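A single chain comes next, written as structure tokens; it is the form predicted on its own.
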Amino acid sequence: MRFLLDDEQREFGRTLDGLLEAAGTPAVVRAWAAGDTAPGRALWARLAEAGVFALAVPEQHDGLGPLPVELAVAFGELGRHAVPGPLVETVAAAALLDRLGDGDVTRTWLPQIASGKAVVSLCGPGASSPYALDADASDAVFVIDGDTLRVADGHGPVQPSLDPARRLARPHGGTVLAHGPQVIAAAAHAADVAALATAAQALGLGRALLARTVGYVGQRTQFGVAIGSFQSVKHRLADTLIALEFAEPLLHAAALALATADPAAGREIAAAKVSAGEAAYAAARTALQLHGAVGYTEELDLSLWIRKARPLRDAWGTPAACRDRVLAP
């Protein structure tokens, strides 16, 4: 089993990190939460130029993939910078359409997804919610209902969310695109891709929270010394780091299992999802506690990361559902 990324994969991650750092994602997140999607769409286009969405699209439809390991690297950086939008849902929709075979729907949407021209959302089995993420900002919302795939013709009002940048709405109506057992099989594969990407996002988010917290406790003083010198603070940070470090090899193993179509890929992805989600959630609690009262304030960018931790932990496979899948005979 290969747990380490190669040089090209690490360089890809560093390139995305530099791109997103320069983009100033906190302002993009705040605009997206307020309903102004223009900055987010502009960032989406730059991510597409970097090849992020093409990683989920096969070469015959203008993509580069599917490449699950590189996809995990990319979504780790997207999580580290708290990029808003239906990122996971778009690559999961690409996986869904790819598995349905070469038809008009596939030929229409996959090249658009690969190029970043189409922002799409996906609602269905495995999403743990009847709501579609960012339906109001998407060019299409694909809905899976049993063995039927349709594209919604509208959506209900946007609902309040723990994370204001995750805008949720219930899709309705629409045109049937496919029907039959092939939809069920494709939906299961799409849910696995979504869970893997979400796990990578959570891991990146957790690492960002830990880095910000380490930086803060090194500057914040009490009794004349940095609070980071207190043994209890060191232990809390160490526990957070260990949880994130344990989750990373599970994520790599899951990506490799998906890339090689390993029969155990579903179980590997569930293990990665629960580990990364719980580690990110623990990192959010640590960040909130060690930042003290300022950790609660919306004005501090830290809140943009903290609010994403729990939704990412629960989306595309709650911890309980993932544990059940890992333990299933």
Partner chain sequence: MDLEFSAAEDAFRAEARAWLAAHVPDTPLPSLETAEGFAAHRQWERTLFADRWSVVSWPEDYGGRGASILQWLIFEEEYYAAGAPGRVSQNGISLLAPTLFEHGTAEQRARILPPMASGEAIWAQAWSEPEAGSDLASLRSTAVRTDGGWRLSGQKTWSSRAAFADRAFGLFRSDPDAPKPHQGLTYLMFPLDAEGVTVRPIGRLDGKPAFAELFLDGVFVPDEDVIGEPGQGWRVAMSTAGNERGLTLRSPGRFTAAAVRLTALWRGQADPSDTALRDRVADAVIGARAYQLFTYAGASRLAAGSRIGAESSLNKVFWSELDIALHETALDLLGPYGELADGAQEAPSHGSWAEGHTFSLAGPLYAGTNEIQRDIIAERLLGLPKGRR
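Numbering follows the first chain given and starts at 1. This structure is a prediction, so every number in the text was calculated from the model and none was measured.
Just so you know, the form predicted together with the partner chain exists too; it's not on screen, but the next bit is about it.
Student: With the partner left out of view, is P125 within 4.5 angstroms of the partner chain in the predicted bound form by any non-hydrogen atom?
Tutor: Judged by the heavy-atom cut-off of 4.5 Å, P125 is well away from the partner chain in the predicted bound form.
Student: Can D139 be called a contact residue for the partner chain in the predicted bound form at 4.5 Å between heavy atoms?
Tutor: No, no contact at 4.5 Å.
Student: Applying a 4.5 Å heavy atom distance criterion, does S229 contact the partner chain in the predicted bound form?
Tutor: Yes, S229 sits close enough to the partner chain in the predicted bound form that at least one of its heavy atoms falls within 4.5 Å.
Student: Quick check on H252: any heavy atom within 4.5 Å of the partner chain in the predicted bound form?
Tutor: Yes, H252 lies within 4.5 Å of the partner chain in the predicted bound form.
Student: Looking at 26 to 34, 46 to 54, 296 to 304, 269 to 277, which stretch has residues with any non-hydrogen atom within 4.5 Å of the partner chain in the predicted bound form?
Tutor: Partner-contacting stretch among the options: 269 to 277.
Student: May I ask you to choose, among L177, L237, A186, A152, the residue with a heavy atom within 4.5 Å of the partner chain in the predicted bound form?
Tutor: The option sitting close enough to the partner is L237.
Student: Since exactly one of V105, A118, L256, L100 fits, which has a heavy atom within 4.5 Å of the partner chain in the predicted bound form?
Tutor: Only one option qualifies, and that one is L256.
Student: Can you list, in sequence order, the residues from 310 to 329 that come within 4.5 Å of the partner chain in the predicted bound form, counting heavy atoms only?
Tutor: Those in contact are A320, R323, D324, V326, L327, A328, P329.
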